[in-house]
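This document opens with one chain alone, in structure tokens, the form predicted on its own.
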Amino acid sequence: MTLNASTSALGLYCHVPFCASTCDFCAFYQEKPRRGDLLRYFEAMEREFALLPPDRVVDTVFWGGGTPGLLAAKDLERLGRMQLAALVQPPHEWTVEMAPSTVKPDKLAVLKDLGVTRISMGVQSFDAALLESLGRLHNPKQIYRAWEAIEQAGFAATNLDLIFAIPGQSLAQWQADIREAARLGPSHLSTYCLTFEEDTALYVKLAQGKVRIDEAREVAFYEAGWQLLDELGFTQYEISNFARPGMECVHNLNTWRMHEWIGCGPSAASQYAGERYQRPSNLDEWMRGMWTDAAPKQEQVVLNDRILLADSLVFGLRMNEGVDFAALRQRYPAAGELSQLEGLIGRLLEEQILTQAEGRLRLSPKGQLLADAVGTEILEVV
């Protein structure tokens, strides 16, 4: 593998698995917030932080979940101080996910004091009925109260998450959600098409025929959202992500560009030191493992140039900047013979799913709607 570890950006992802309830669409690993489990979680996280490389600067940090904001202010401070003590220097960008119902001024004050630069709040919708259909705990009033507190705290960057193509949601409701989110004035918006993940309440409803997937409807939501966000001054830089100028999420950009990251906490994934692996998606198993000589690794994959080139292409094409295929060949010289991939790229260019300009391959607007299928085809031929 030819990744230059000494100069490559390094990200840190911390999984806080605690959630008060499970949303119908959520497939992330989570647990109920019992105090005893919280205390054992902090002890294990301190051991995990101690494993971070002592000679590498962590450029970006992202706390996800679960619901990191569910932690009390004193617990957020404990976790943050443990993390900072293990880092060479404070990160350039530090994002914390929060749900509207968990946002409190004392928590925000602690996070600001720790050096958090970016708050990402999962709004999903401003429509009370749609929120209830998703199994969300918050209501529109809580969104506005939370946003007022976040603004008063004065973080450098803010993001709001929205979901579209919710069963029963009209195109007008989707556009209204976008306009309301933009009116609040975040520096970044993430918009996600509702997906039906296995082992979720929503998937059960799909299996029972209570909801259905309508691809033509999803396309209409995508296109309407992209057009409106552009009109409102949010530049798309990845299929689901839009930002004011210079306010892109650096942590995600580094991940999509196949730099290294280390995941801490149960279910957290890593791409580091020539391999990918995941911590156990079980709180007890993960905690027991952190007290052994070898921290537990599951789904281990030894990385090579061929894997990294393919993934760089798949994730790079999701970004509006696209990819320089010739530069990827230089970055991963041991990727080997790629005639099938080159043939696929030629076909996608002919079909106008890809475009090529100034040496960069990009998905066309048509191609953006087929990004998942394009990614699957790339992985099949590499």
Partner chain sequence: MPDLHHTRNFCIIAHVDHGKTTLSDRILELTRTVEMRDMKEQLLDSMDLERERGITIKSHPVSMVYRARDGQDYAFNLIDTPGHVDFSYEVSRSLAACEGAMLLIDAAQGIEAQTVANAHLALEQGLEIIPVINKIDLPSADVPAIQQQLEDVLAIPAEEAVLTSAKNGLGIEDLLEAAVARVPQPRWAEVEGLRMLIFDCIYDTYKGVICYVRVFSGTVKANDSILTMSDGMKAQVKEVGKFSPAMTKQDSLQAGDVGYIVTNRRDVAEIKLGDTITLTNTPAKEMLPGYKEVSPMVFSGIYPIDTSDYNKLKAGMGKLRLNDAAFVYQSENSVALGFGFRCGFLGLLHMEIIQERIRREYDLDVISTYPSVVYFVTKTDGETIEVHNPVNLPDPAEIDHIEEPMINASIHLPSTSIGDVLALVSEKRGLCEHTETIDEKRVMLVCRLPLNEILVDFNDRLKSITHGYGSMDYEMAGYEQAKLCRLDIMVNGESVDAFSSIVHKDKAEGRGRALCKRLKEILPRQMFKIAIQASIGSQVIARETISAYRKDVTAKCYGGDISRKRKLLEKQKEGKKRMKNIGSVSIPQDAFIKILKTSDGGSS
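None of the values given here were measured: they were computed from a predicted structure. Positions refer to the first chain, counted from 1.
Below: the form predicted in complex with the partner chain, not depicted.
Engineer: Let me know the one among D75, E180, D161, E93 whose heavy atoms come within 4.5 Å of the partner chain in the model of the complex, would you?
Structural biologist: Selected residue: D161.
Engineer: If you check R40, R318, R331, R47 against the partner chain in the model of the complex, which one has a heavy atom within 4.5 Å?
Structural biologist: Looking at R40, R318, R331, R47 one by one, just R318 meets the 4.5 Å heavy-atom criterion.
Engineer: Can you tell me which of 274-282, 67-75, 144-152, 99-107 lies within 4.5 Å of the partner chain in the model of the complex, counting heavy atoms only?
Structural biologist: Looking at the other structure, the answer is 274-282.
Engineer: Within 4.5 Å of the partner chain in the model of the complex, do we find a heavy atom from each of L232, E248 and S364?
Structural biologist: No, the candidate spot makes no contact with the partner chain.
Engineer: When the contact criterion is heavy atoms within 4.5 Å, does A129 count as touching the partner chain in the model of the complex?
Structural biologist: No - in the model of the complex, heavy atoms of A129 and the partner chain never come within 4.5 Å of each other.
Engineer: If you check in the model of the complex, is R347 within 4.5 Å of the partner chain, heavy atoms only?
Structural biologist: Result yes; R347 sits at the interface with the partner chain in the model of the complex.
Engineer: Taking 4.5 angstroms as the cut-off for heavy atoms, does Y237 touch the partner chain in the model of the complex?
Structural biologist: No, Y237 stays farther than 4.5 Å from the partner chain in the model of the complex.
Engineer: Quick check on I353: any heavy atom within 4.5 Å of the partner chain in the model of the complex?
Structural biologist: Contact check for I353: yes, within 4.5 Å of the partner chain in the model of the complex.
Engineer: Would you mind checking 155-192 for residues with a heavy atom within 4.5 Å of the partner chain in the model of the complex?
Structural biologist: Heavy-atom contacts within 4.5 Å come from D161, T191, Y192.
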